[in-house]
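Presented below, as structure tokens, is a lone chain in the form predicted alone.
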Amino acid sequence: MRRTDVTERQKKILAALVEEYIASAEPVGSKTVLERAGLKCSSATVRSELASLEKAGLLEQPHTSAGRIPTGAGYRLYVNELMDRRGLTEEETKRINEALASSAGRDLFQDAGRLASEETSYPALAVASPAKALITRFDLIYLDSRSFIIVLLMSDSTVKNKLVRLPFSFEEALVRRLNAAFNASFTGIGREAITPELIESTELGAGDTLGLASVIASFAAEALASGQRAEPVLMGSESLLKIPEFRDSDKAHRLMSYLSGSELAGLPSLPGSGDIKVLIGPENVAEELKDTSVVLASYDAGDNMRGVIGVVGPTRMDYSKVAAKLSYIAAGLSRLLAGRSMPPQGFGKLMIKGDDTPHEG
């Protein structure tokens, strides 16, 4: 059975099993699933459906006589299609609003991480990094027949330059043609858009048979790739010790050591303020995070900066609750840093991005 062939009854069974496992941290049997799902069928039917879901890779059975637990793929289907999009209560929104407002004039960055950890009971991280700067103008300055200067004006108002000396001669007219070509085709684009095909077409258009376009494009790609490395702030790492999955001290220590390092700055970026991304178990690129889930929310940090706030916890996580709280905290941060009032109570748009498909609730 393919995962796309999962029936509606099987989806109800999967949802019931995931939610029971989130609550209990114990493998779930067919009788419990039947009661929680409210299905009008026999336990034998539920057992048969559980076996089919296990065959599809959505469930696994830790022990022969035990119940079943979700796999990473099972959680992904649950997050993308089955879970209820949770709103926040009036009490929760009031508590978050008051906590963020009380941070004014203090270290909002650390306070937000602490708030996220307290609200979710998981270790929380906060990262602020410069928004991607693009090249807005090229100035190629001819010095003599064997040297020229590349000057790049970036969208964040910084300037990058490089002196190029070559072992062969070239004419000033070629530099002028390349200057026009690069301003026409290389401004306002990301590094990934600087392809061999684009460079080749620029060479042909400017009549460059000496490879100057490749030199300029290489420096442009380098400038686009460079940038300040974000340093994450981690709050509440001790909360790991209260989670059943991390009662093994060695396992908890390995994860806490990873979370305390600089590698977290390499977590995936989110395209825009307000986005949510959920990485479940094996979807995480770092080996240390293979048994965890990471939920990230982005916010606008102002001054051409984008921030990310998130939590790291077990795959047995209440994703809807965590995503709702992080999304609301991120919205509050964006408003505070923009000098606006706190967000209204309640919860609006929620995007869960695993397969890059938006879901609204």
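What you see is a predicted model, and the numbers here were worked out from it, not measured in a lab. Start at 1 with the first residue shown and count on from there.
Below, we refer to the form predicted together with the DNA, which is not included among the displayed structures.
Looking at the DNA in the predicted bound form, residues Ser30, Arg47 and Leu50 each place a heavy atom within 4.5 Å of it.
Though the partner is left out of this view, Lys12 does not reach within 4.5 Å of the DNA in the predicted bound form, counting heavy atoms only. None of the heavy atoms of Gly332 is located within 4.5 Å of the DNA in the predicted bound form. In the predicted bound form, none of the heavy atoms of Arg306 sits within 4.5 Å of a heavy atom of the DNA. Interface residue remark: Gly313 is not counted as part of the site for the DNA in the predicted bound form, having no heavy atom within 4.5 Å. Using a 4.5 Å cut-off on any heavy atom, the residues of 55 to 84 that reach the DNA in the predicted bound form are, in sequence order, Gln61, His63, Thr64, Ser65, Ala66, Gly67, Arg68.
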